[in-house]
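First, one chain by itself in structure tokens, the form predicted on its own.
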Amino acid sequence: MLVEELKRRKLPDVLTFLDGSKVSSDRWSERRQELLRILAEEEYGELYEPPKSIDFEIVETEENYCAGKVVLNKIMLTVELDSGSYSFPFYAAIPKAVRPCPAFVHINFFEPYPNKYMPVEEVCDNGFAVFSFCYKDVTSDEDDFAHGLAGVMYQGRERTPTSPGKISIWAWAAMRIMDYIQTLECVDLKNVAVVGHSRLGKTALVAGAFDERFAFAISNNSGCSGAAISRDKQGEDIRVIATIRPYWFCPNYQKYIDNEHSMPFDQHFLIAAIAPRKVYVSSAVEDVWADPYSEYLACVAASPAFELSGEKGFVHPDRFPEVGEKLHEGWVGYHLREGTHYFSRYDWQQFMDFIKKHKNM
């Protein structure tokens, strides 16, 4: 059933090079770089180079957060680029009981701890640290490349066809949080996940695809131009998203408005580019704008990239998912929950269960 649906949508094959040759297991790294180049040039824009230097300053500390179980630090991160410097805050909540602990880098809609999209005490009680930053502290969510980190990167220059959009800039910021995490002995560097919801779920997948230090990339309800196949997608499509939010992407993406079937890629390329690390996609049954079935199909289409290394990819029945179904057996995880577009405690619980099951030793 699902194979027939993928054939109907005429997706490009993740295991076929642009020259038409087939990808073998010893050449996956070459194909992965090809996928990343396509995604950068055609959709998200080329990520900015790493900073010349980076500095971290702890500006606030709460030693007895969550009834004394957690240390909470507010940290100011400063990057030095060729074009100037920029600073933004992030928070680190680290449980005292588990060291070294796995961790989440949460690309967040909010700054305060906790918030409706992040049950920090429950996450820490499960033995995970949480490093979180508010995306708007990095650069604004609007068609403005003159302010914030975008202003430092662009320096008033006009955007080129492959210039980075806001999603790439937010993903770049998540990578800088990972730079900080690598300085900590209390974090298990083999098991750091990047996670986000909605537009920030798209961002988490981009960060996970381009930065191999993330062992897990987790997308919650990311939909169009995130985890969902674009070809024949229901709900939001490229016409809508690239018209309303063109600044999320590189200018090249505009040419695929009403022209999805001409794309040399689709969103399964983004998921596949995370292989052979782990990825998780979650959907909500009433979130028809994101289109759960197209998110599910992207996992199916990306699975061969994970299987190439001899591991299980996406282990699933040959049908679309049922509400409440959790698919955690392979290195591609998925669940479909009840409800609407939201980042729930249930979602966090599934992500933690998946990481515990597939933890790198």
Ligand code: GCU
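The first residue of the sequence shown is number 1, and the count goes up from there. All of these numbers come straight from a predicted model, not from anything done at the bench.
In what follows, reference is made to the form predicted in complex with the named molecule, a form of this protein that is not presented.
- Heavy atoms of W248 reach within 4.5 Å of the named molecule in the model of the complex, making it an interface residue.
- Proximity of D137 to the named molecule in the model of the complex falls outside the 4.5 Å heavy atom cutoff.
- Using a 4.5 Å cutoff between non-hydrogen atoms, F109 counts as a contact of the named molecule in the model of the complex.
- In the model of the complex, the named molecule sits within 4.5 Å of a heavy atom belonging to S222.
- The partner is absent here; in the model of the complex, the one residue of W289, Y180, Y154, Y113 having a heavy atom within 4.5 Å of the named molecule is W289.
- Among the residues K166, K202, K278, H268, the one placing a heavy atom within 4.5 Å of the named molecule in the model of the complex is K202.
- In summary, the region of this chain contacting the named molecule in the model of the complex, judged by heavy atoms within 4.5 Å and restricted to 234-242, 143-151, 186-194, 268-276, corresponds to 234-242.
- In this stretch, 330-344, the one residue having a heavy atom within 4.5 Å of the named molecule in the model of the complex is H341; the partner itself is omitted from this view.
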